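Given next, in structure tokens, is a single chain: the form predicted on its own.
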Amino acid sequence: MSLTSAIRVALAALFVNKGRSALTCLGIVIGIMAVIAMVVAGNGARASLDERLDSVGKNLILIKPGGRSNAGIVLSNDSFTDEEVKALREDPEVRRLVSALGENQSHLAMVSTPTVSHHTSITGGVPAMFHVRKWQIEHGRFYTENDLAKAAPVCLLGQTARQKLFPHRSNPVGERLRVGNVRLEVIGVLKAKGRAPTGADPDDQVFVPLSTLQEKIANVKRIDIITATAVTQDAIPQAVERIKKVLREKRRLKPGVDDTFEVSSVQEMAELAVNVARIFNILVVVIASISLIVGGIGIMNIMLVSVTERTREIGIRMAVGATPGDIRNQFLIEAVVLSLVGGLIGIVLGITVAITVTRIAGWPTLMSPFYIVLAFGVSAAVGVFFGLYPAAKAARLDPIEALRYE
């Protein structure tokens, strides 16, 4: 019997019990669908993460007040002082490892225009902050060192803040707004940065010189966070350790005492996210593998039932000249066809789920033909592996006994 004829006979045999065949390949469908969906969605998530890291700077270092002991107890929530920032700026080793360093302070307030009021975050910083964070200007200019020295009443708007305060103007440079009793002139609008992974909106901010915030708006001096940019990615570990050493010396922390601040890098957070994603993918593959094994056992079970039901048919075929090899191949083809149909359905559903997930999440859909071919290969392998025993059992039947079977 030719391969084409064998496949046609296999399909006819499977269509005799459509419902049973569909339920049999369900495990294969679920397993292949899970793997395809997770691989495609995972690739999209990693590409999106790389894009976000490029936009914020892969060399970014975050220095935050407050530390935790090994038991997770908060040790301090004190803000940084001007002296600590100055010590970091003047340390020769920090200057060698860090290309820019900027501090900022945040303050929640109601911002008003003649027609609109919006409650948002006022962020005071130094001009270097824009370089450190790689923020780009869309209209106007950044504030300068001169603005910082004079505590100039100027501000820049994030895109969300601009839309809320000036909904009908894409370029409100030159307009004025009020924060409490302070009138600020808009000197620039930043390009959109996109929503942060935490869900926060970094575009919903009004940026002012740090001195303006401290002396005219918040009336308090407090450094909430310090950001720095390492000269290269390879220099990040050294820069982090040096920053920790300078701050420990400035705070007079003795050896063995936990840090009362946190120094972390975007690179570390990215590696953590990748490791979490990798572990999650491994778990999905394990679960999908279990599903494939269950599906394969289902195929073996249904093929054994089929051998029993078609014992007389097998005897007739052998009586008219079919060899044990023909019988074995026939049942093996049926098992492979059943598995491949499940694999094909799983691939289609997996791609559909992946596209849906990536579109909802805003990730790129990265689909590799390699994984589709691999899925087909896995499906065929499952069919061969779990169909081999029923096929061999059918081939070993005695023709005389098979013809007598009722």
Partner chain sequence: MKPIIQIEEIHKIYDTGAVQVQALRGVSLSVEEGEFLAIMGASGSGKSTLMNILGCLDRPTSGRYLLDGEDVSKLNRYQLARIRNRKLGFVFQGFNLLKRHTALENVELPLLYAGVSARERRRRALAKLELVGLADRAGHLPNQLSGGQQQRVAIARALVNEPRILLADEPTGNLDSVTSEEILAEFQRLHRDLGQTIIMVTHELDVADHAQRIVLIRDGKVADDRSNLRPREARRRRVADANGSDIGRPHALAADDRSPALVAAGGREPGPGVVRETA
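Throughout, rigid core stands for the largest set of C-alpha atoms superposing within 1.5 Å between the two forms. Positions refer to the first chain, counted from 1. Fair warning: this is a prediction, and the values are worked out from it, not measured in the lab.
Keep in mind that the form predicted in complex with its partner chain is not shown, yet the notes after this line are about it.
- With respect to its partner chain in the model of the complex, the three residues R46, E51 and A361 uniformly fall beyond 4.5 angstroms at the level of their nearest heavy atom.
- Within 4.5 Å of some heavy atom of its partner chain in the model of the complex lies at least one heavy atom of G321.
- Interface membership of R328, defined by any non-hydrogen atom within 4.5 Å of its partner chain in the model of the complex, is confirmed.
- In the model of the complex, its partner chain lies within 4.5 Å of some heavy atom of R396.
- Shown alone here, E241 lies farther than 4.5 Å from its partner chain in the model of the complex, counting heavy atoms only.
- Checked against its partner chain in the model of the complex, the candidates R133, H139, K193, R317 yield a single residue with a heavy atom inside 4.5 Å, and that residue is R317.
- Only one of E313, E175, D258, D224 comes within 4.5 Å of its partner chain in the model of the complex through a heavy atom, and that residue is E313.
- Heavy atoms within 4.5 Å of its partner chain in the model of the complex are found in exactly one of 81-89, 241-249, 305-313, 162-170, that being 305-313.
- Annotation for L11: C-alpha shift of 2 angstroms or more between the shown form and the other one, rigid core superposed.
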